[in-house]
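Next up is one chain by itself, shown in C-alpha cells, the form predicted on its own.
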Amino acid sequence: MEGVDHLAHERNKTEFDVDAMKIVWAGSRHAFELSDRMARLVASDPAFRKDDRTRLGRKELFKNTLRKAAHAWKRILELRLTEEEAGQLRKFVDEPSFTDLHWEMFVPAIKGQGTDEQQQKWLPLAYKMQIIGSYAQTELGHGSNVQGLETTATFDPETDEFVINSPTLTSSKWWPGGLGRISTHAIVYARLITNGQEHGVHGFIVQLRSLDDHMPLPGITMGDIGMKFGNGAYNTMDNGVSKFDHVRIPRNQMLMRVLQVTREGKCVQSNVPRQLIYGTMVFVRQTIVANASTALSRAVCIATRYSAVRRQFGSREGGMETQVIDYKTQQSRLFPLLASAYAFRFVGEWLKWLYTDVTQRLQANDFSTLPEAHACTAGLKSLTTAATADAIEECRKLCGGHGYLCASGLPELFAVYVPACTYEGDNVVLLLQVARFLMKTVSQLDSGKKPVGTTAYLGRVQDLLHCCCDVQRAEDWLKPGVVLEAFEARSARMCVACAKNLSKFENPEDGFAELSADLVEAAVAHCQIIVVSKFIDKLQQDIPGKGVKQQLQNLCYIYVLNLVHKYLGDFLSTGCITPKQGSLANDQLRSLYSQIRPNVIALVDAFNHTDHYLGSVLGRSDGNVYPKLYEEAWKDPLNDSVVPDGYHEYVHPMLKQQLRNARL
C-alpha cells in the first residue's frame, strides 16, 4: 500500500534522538544540511533516474551517463553551487562517469604537483570544464609497482620538448577512467630521461584529443578496454587504453613543482620539498576511507530494513511468522556490519584531521610524522575497503534469494565498490608497506627513538609483552582501558614475533618475502587498533541528543568484541587473553545484540539515505517491498511480449519434434 510505513512498528521502538544521530553521522550540522539538500535535489530530478540502468546495453548506458554528467554540470552552473555542494551533487547522482577522475585526480594532481604558473594556466580551464582530464598512471604491465612503469618522456633540447613514447605493448596506459572515449587531456606518468639519464617517474600534462572535433591527436591510439564486472556498475565509465608514438609536448607541460627541467635539459630540485606530494596521497586515501563507510552504510541499510520486513518460520497457531532480524544468526552477521559502518565513519573523520595536521607540518618543513601518516593511511585504506567489499556481499546473502536481484541494489553496489580493493594501491601491497614501517619501528626501539602517532603504543612494548588481561566478568569487556590493552598487546606481540623471525635471515629481503603472510596479519592487527581507538576517542566527546551516546557505545563494543571473536586465534596464540575471557567476550556480544535490536532501523535511518540514492526495492524506507518487487519484475524487457523472440525459431520446432527441419 502506498503511503503506509510498513516499518513504523520498528521506528516506534527507538530509544534515542534520530535527528541528533544524523548530525553525528554527517560530522556536523553544516555537513548534514548540505548533503541532505543535495540528495533531495538529485532524487527529485527525473533526469537522474537510475532504476533502468541494469537493463541498458553498453552504448545506451554510456550515452545515458554522458547525458547525466552534462545535466549535473548544467544544474551546478544554474544553481551556482560551491565546490563542496557540486561534489555532493555528483556523489548522489551515483553513477561512475568520465568526470570522476577529472575532479578527484586530475585537478588535485595539478594543484599538488604543478608550479604556480602551471596552476594559473590549467586550473581555470579544468574548473570550467573547458578541458576534461584523466589520470594516466597504470599500464597494461604495471600497476602497484609505479617505479616499473615503461612509458618514457625523453627531453629533446633542440626543440625544447618532451617526447612521450610507449616503447612496448605492456607500456600502454590501461584503466584510466574517461581516457577511453571522452578525456581531452591527461596527466601521463612516464620515466623522465634527459641527456641519456633517467630521473624516475614524473607527471606530464598531455593533450589527447582535438578540442574541435574530438579526434585523437597524431601519434595517440586510444579506446575503451571493454566490459567490466556487473550489469551497469562501472560499465558507465569509459576506462581506457592509450599508446603514444613519439608524441611531442612543450617542456612546460611537465609538472615541475618539485623537480624542474631547464632549457638545457638539466634537472634542478626546487625549494619545495618532494614530501609535499605525500600530502595529496593522504587526502586521496582519507576520501577512500570515508567512501567505504558510505558504501557499507548503504548495504547495511538495505539488509537491515529488509530483515525487519521479511518473515520466515516460527508461526504459532496461525500467527505471524518471525521477523528474520530476530534470529540470532542474522543478528550476529548483520549487527557487526552496522557497527563497522559507524567505526569507519569516525576513523574517516579522524583522517580528515590527520590530513590537515600533515599539511600544516609539511608547510613548516616538519616531516617527522610523515612516514607514520603514510603507513597509517595505507593500512586504513586496505582495512576499510576489504572489509566493506566483503560486507556488501554478506549483506546480499543476508537478504536471501531476493538479494541476488538487481532490484535489491546490492549486486550493483558490490560491482561498483569492489575495485576500491585494487585502485590507489592493491590492498595486500599496502599492508606490506605498513608491515615494513612496523618492522622499522620495532628495530629502532633499542636506539631510544620513540614511536609516534598510531604506533606510540610500541614504545611500551616491554609492558605489553608481559601484561595480563584482567577481564573477570563479561561486562569488564566494556572498559576502554581493557579493550585497548588487549588490542595493543596482541599487535605488539605479533610485531615482535615477526621481527625476531626476520632477524634469522641473512638477507632481510629474503625474510620479508618468506614471512609476508605473517607480516600482513601483523599489519591488520595494528590497523584495527587505530579504528578501535578512534571509536573510543569519539565516545569521550560531548555528544548531544537523548540516548545517542549510549547507542554509539553499544555499536563501539559490538565492533570491538566481534573483532575479538573473529581473531580469537591471534588473541589466544599471543597469550593476550585466556579462553575463558574469549568466552566472556562472546557473552557480552550477545547481550549487546539484544540491547541494540530495538534501535537498528533508527540507526540505519540516521544515515539519511534517500530511496533514490539507495536504489533498492528491498531497502525502501517505507518497507513496502513485495508489491514493488512484483511491479519491478514487469519492467524487464523480456516481459515486453507474451511470446518471447526466438520462440518460433527454436522452441516451437523442439516441442513439435521438428528440429530436423528447423533452420537454426
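Since the structure is predicted, the reported quantities are computational estimates derived from the model, not experimental observations. Numbers follow the displayed sequence, beginning with 1.
A second form of this protein, the form predicted together with a further copy of the same chain, is not displayed here; the remarks below concern that form.
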Exercise. Does V532 reach a further copy of the same chain in the model of the complex, with heavy atoms at most 4.5 Å apart?
Worked result: no
Exercise. According to a 4.5 angstroms non-hydrogen atom cut-off, is Y278 in contact with a further copy of the same chain in the model of the complex?
Worked result: no
For this session: Answer yes if any heavy atom of S28 is within 4.5 Å of a heavy atom of a further copy of the same chain in the model of the complex; otherwise answer no.
Result: no
Problem set entry | Proximity of W73 to a further copy of the same chain in the model of the complex, heavy atoms at 4.5 Å | yes
For this session: Have a look at T170, S443, Q472, T356 for me and say which one sits with a heavy atom within 4.5 Å of a further copy of the same chain in the model of the complex.
Result: T170
For this session: Quick one: from G143, G459, G545, P480, grab the residue that has a heavy atom within 4.5 Å of a further copy of the same chain in the model of the complex.
Result: G143
For this session: Please state whether all three residues I131, H402 and V643 have a non-hydrogen atom within 4.5 angstroms of a further copy of the same chain in the model of the complex.
Result: yes
For this session: Within 4.5 Å of a further copy of the same chain in the model of the complex, counting heavy atoms only, one of 266 to 274, 250 to 258, 416 to 424, 373 to 381 shows up; tell me which.
Result: 416 to 424
For this session: Let me know which residues along 218 to 255 have a heavy atom within 4.5 Å of a further copy of the same chain in the model of the complex, or say none if there are none.
Result: T221, M222, G223, D224, I225, G226, M227, K228, F229, G230, N231, Y234, N235, D238, V241, K243
